[in-house]
Every structure is written in C-alpha cells, then in structure tokens.
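Single chain ahead, by itself, as structure tokens, in the form predicted on its own.
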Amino acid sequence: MKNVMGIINLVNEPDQLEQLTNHRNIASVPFAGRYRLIDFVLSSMVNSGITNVGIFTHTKYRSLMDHLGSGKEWDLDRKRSGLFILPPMKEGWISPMGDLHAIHAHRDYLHRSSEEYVLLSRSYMVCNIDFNGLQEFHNRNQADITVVYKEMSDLDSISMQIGMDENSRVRSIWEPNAVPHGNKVSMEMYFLKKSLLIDIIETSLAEGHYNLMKDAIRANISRLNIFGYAYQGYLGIINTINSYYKHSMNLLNPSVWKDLFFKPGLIYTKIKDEPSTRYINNGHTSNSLVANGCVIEGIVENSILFRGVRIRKGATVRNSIVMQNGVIHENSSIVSVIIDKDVIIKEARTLVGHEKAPYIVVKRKII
C-alpha cells in the first residue's frame, strides 16, 4: 500500500466493556490469550505496507503505551515515520466537541507526514484485512471517501449500519442506536486523501460541529462520492461484554482461529518470553486456548488461559476466560466467568455466570 498513512482514533470510542476498561482503554483490552484488541488493525495496516501510523489517544492509555512501546514488534521503530502515540492535550479530558477537535489539535502531525492518503480506523475491530484491495477499489471508483463494511446478521455490539445503491455508493449512515436497516455494518474504517480530511475537519469545526462521522462524513454524504468496500473475512466488533465473550469463545473454533490470525497476514503483539505450559498431577485441558507459562493441575474445558495462569489440583474451569497471572486454587469451580489480570480465587470457591451474562472479576481481586 503506497503513499498511505494510518490513524487509529481512540477518541470517544463507544465502550460498554464495564469493568474490563476500568483502568485501560478499549484498545489495550487483553484478547485471545496474549493479544490486545489494537493488535488486529495495527497488524493489518503494517501487513498492507503502511509504515506511518498515528494513534490518537484519549484517556487511560498507560497500559496501551506499555504494550506498544517503540512499535518494534510491528516493525514501526524507524528513524523515519514509524509509530506515533499522540496523547490528548489534557489527560482525562472528555471533549464536548468530540473527536474532530482532538484530531485537529494534532494537525501538525498530519501536515508533516508526506503521505497523500489516510486510512482512519477504530481500535476495536477484530479482523485481518488486506487494505491494498481497499486502495485499488477507491481509485477505480474515483471515490472521495471509501468506507469498509461487512454484511452481518447477528449484532451484539455498538455498531453503525450503512445503506448503499446498486453501484456501491453509500447513501445512508445510521447511528448505532437506530432501528436496523439491512445487514451492512460499517467497520468505521475510512480511506480518503489527507487534504480532504483536513478540509472537512476544518470546515466542520468552523461551522460549530464536532463529530467526525456524524458532522464531517455523514453530513457530506450527498456532496461527496462515498463508496462502500466489502470485507469478507472474520469480524468481531468488540465494545460490549457480550461481544467480547462471544468472539473470545469463537476462537476455540480452529477455522476461526486460522482465518483471523494467519490470513492474509500474521497478527503481531508484544513479545514476552515464557516457558512452555506444564501439566502436572493429571492436569487436563480440552477444546481450550492456553498461552505459555501456565501450570495446570486441574481441569480446563472450553476456555482461554492467558500467560502465567495457575490452575491448582481439583479446580475446574469451564467456558471461561482467565487473564494473565490468574490463580485458581484447589477445588474451586469457575463457569462462564471473565477473570481479569492478577486475580486470585481461593480454595473451594464457586463462580457461575451465563454465556449471555458472564460473571466478571476485576483486576487484582482476591475472592
């Protein structure tokens, strides 16, 4: 992908992940045993040839900075271009003027970048996409803006829908809470010229508007040539607890795992050296995803264990997610539970949730 810079916009992302985002933003929520949500769109950009990526942060981004570091794992630790984490002008500030104001505050970054095109994205789209096809589609249709979408029938997240005519021209964009119209879900990925982005931002702000999608893109839907580009791969829009749990459990399907992590490119994340998982005292797992560094003495079924988890003798974990360094002590039973990092479940405890309402244990909790 030539002459394109990437922007991952974290400002005012819809967030219904409850306790999982008490101390972190959506972008850095752990996922799939060793990854963070932002890894998917960031890896897709890098695999598509984008070497200049700016991340517009909003709040609770310390964990994200620790995860991304210099961008080495994504080959973005470069002398020129590379990874830029752009904090808000004031930490914790929730702008009443929306994300347009936040992006405009970093307009110097846009002006200094030499690329002609911009790919804008959110952080919570779990997918593996080759953006080269998007650029070809955009140029072939002589579009002003191209929006990536996917046809989906089962929605459990906060997402927008678009309406298109027979020529793939976008005619409508509906708010997340609007009555469903068809099955074309916007992935909130926009491809356009950088000069156009700057122009619509400055024009919208001058007119007293503040929201990128609503005021700068949707308001210009009749004036600009906005086209829809269909994505065919696996997609998880993860901004609610139900969508997080559902798409985590979907990873236990080998075909989903292969589609998401290996096609068309690999998904990269921060590297941590850990020993292999050990099974002792007849510890057993089935249909589960287990990261390195775990010690399993009990039974694990249909679950995801992150790095360094300990399952003690007699403990059972079913249909659950246990994040990094969690410890489940002897004879405890865990069913349909999401356990955040560094949690300790003492002996003979029973925690039961439901697949439609999983029980959540907050970070560093001792039960």
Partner chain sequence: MMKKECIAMLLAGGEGKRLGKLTKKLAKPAVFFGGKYRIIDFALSNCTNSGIDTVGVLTQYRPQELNRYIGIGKPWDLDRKEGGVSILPPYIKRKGGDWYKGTADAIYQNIDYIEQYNPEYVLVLSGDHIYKMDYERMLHFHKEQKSDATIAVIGVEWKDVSRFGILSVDDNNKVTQFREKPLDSTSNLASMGVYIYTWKILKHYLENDAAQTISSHDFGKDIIPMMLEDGVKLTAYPFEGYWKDVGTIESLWEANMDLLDDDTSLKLDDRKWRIYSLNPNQPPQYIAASANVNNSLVNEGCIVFGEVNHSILFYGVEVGMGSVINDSVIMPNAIIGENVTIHKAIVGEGTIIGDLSVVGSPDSDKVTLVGNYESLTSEFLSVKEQLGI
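Positions refer to the first chain, counted from 1. Since we're looking at a predicted model, the values are computed, not measured.
Not pictured, yet referred to below: the form predicted together with its partner chain.
Shown here without its partner, the chain carries K272, P275 and N292, all of which come within 4.5 Å of its partner chain in the predicted complex through at least one heavy atom.
Annotated contact segment (heavy atom within 4.5 Å of its partner chain in the predicted complex): 251 to 259, selected among 124 to 132, 209 to 217, 251 to 259, 145 to 153. Interface residue among R318, K60, R310, K341 relative to its partner chain in the predicted complex, by the heavy atom within 4.5 Å criterion: R310. T285 is the sole member of Q161, T285, S157, S204 with a non-hydrogen atom lying within 4.5 angstroms of its partner chain in the predicted complex. In the predicted complex, its partner chain sits beyond 4.5 Å of every heavy atom of M89.
Using a 4.5 angstroms limit between non-hydrogen atoms, H329 is distant from its partner chain in the predicted complex. Its partner chain is not drawn, but in the predicted complex it has a heavy atom within 4.5 Å of D77.
When contacts are judged by a 4.5 Å heavy atom cut-off, L110 does not count as touching its partner chain in the predicted complex. Contacts to its partner chain in the predicted complex (heavy atom within 4.5 Å) from stretch 11 to 37: A32, G33, R34, Y35.
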